[in-house]
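What follows is a single chain, given as structure tokens, in the form predicted alone.
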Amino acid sequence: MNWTLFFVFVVVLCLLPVVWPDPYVLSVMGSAGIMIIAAISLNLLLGYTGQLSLGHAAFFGIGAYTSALMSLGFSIDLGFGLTWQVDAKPVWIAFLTAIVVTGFFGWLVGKLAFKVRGAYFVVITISFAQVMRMISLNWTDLTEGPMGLISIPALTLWVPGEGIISLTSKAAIYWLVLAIGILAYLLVAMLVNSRQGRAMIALRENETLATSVGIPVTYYLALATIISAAIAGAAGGLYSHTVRIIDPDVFLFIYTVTMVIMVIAGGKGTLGGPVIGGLIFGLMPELLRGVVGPEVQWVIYGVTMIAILLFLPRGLVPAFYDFIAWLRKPGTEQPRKSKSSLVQGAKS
């Protein structure tokens, strides 16, 4: 990872509310940032282990509902005259609980789904998301059904001299999303550059060869799913506490499709791919709004995506690095590691 480029990029993003304090711009950037965090989580599973999860919106929605319910309080009728009552918890405890709960669901899905591969895995993940949406839609005593949950408290921060303040301004929400996005990015960066990360990449490149040298397939795939789900849950929790109203639409398939587009267009299996893809496809609809009609917006959106896939099939970030390599030494591309070297790296 190019740390100089990373720090420059972070500094520029941190200064955005200072140089451009427009609430609309900050709101759009905050919304795009939440989806970028979700895309970072999907990239760990899709880009580094090669497993396509088309039900990733389920983890996003579970995180949103768990954090909202914990911060609002809830009760569940267990039958036989028994009730499970949970009083409203501080928002940060609710947020952390959402991460733990989605991590647990990630483990559960991984445990079941990784007994199969390919299309079967995709079907299981899609089914899981649909089941979660039907539960949120029909368990009205807990989720209020299609009416959704309202008045979700905002996240708070202790400020010296000011005490505990609610993060409700657009600038505060933007910085909060940026901070959690950086943490998610660094967590994935440390993981994929560790021995565990090299094992995941080896499984993606050649599962049979990796298994033959003793890499436990199920363990590393389940680990990737747990961490991926937990990060998606954090994105969902952020969404519920910034929008402050959620309904079963948080489980919609379009959220998963948006994450996949961000990862593929940016460059799956690269750290910067979901960020660049997320900035482009997260901001494009808002940038085009007011310039062209809604129909033309989606045409431009689709044409851009198709053009990237046709001319830059590995994504924008790998294409950028190939271009830099070509400038330094025309006629060459960035060397890629062979599958056998990746497996050997995972063993070391």
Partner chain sequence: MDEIFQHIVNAMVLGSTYALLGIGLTIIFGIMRVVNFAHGELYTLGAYVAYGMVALLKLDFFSSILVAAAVGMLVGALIEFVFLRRKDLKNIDEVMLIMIGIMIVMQNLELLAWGGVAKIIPTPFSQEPISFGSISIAPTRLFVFGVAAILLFIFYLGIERTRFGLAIRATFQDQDAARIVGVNVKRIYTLTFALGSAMAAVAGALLAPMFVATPMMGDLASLKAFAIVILGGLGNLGGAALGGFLLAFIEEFGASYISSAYRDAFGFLVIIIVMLFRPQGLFSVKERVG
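Take the two forms, superpose them, and find the largest set of C-alpha atoms that agree within 1.5 Å; that set is the rigid core. Positions refer to the first chain, counted from 1. Just so it is clear, the model here is predicted, and its values are computed rather than measured.
The discussion below concerns the form predicted together with its partner chain, not included here.
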Listed residue (206, 156, 194, 130) with a non-hydrogen atom within 4.5 angstroms of its partner chain in the predicted bound form: 130
Heavy atom within 4.5 Å of its partner chain in the predicted bound form - the one residue of 257, 182, 86, 171 that qualifies: 257
4.5 angstroms heavy atom contact with its partner chain in the predicted bound form for residue 320: no
Residue 165, heavy atom within 4.5 angstroms of its partner chain in the predicted bound form: no
Non-hydrogen atom contact residue 115 with its partner chain in the predicted bound form at 4.5 angstroms: yes
Non-hydrogen atom contact residue 82 with its partner chain in the predicted bound form at 4.5 angstroms: no
In the predicted bound form, segment of 293 to 301, 275 to 283, 33 to 41, 58 to 66 with a heavy atom within 4.5 Å of its partner chain: 293 to 301
Residues in 120 to 149 close to its partner chain in the predicted bound form, defined by a heavy atom within 4.5 Å, in order: 120, 122, 123, 124, 126, 127, 128, 130, 131, 134, 135, 138, 139
Shift of residue 31 between this form and the one not shown at or above 2 Å (CA, core fit): no
Yes/no, residue 296 Cα shift of 2 Å or more between this form and the one not shown with rigid core fixed: yes
Rigid core fit then residue 52 CA moved by 2 Å or more between this form and the one not shown: no
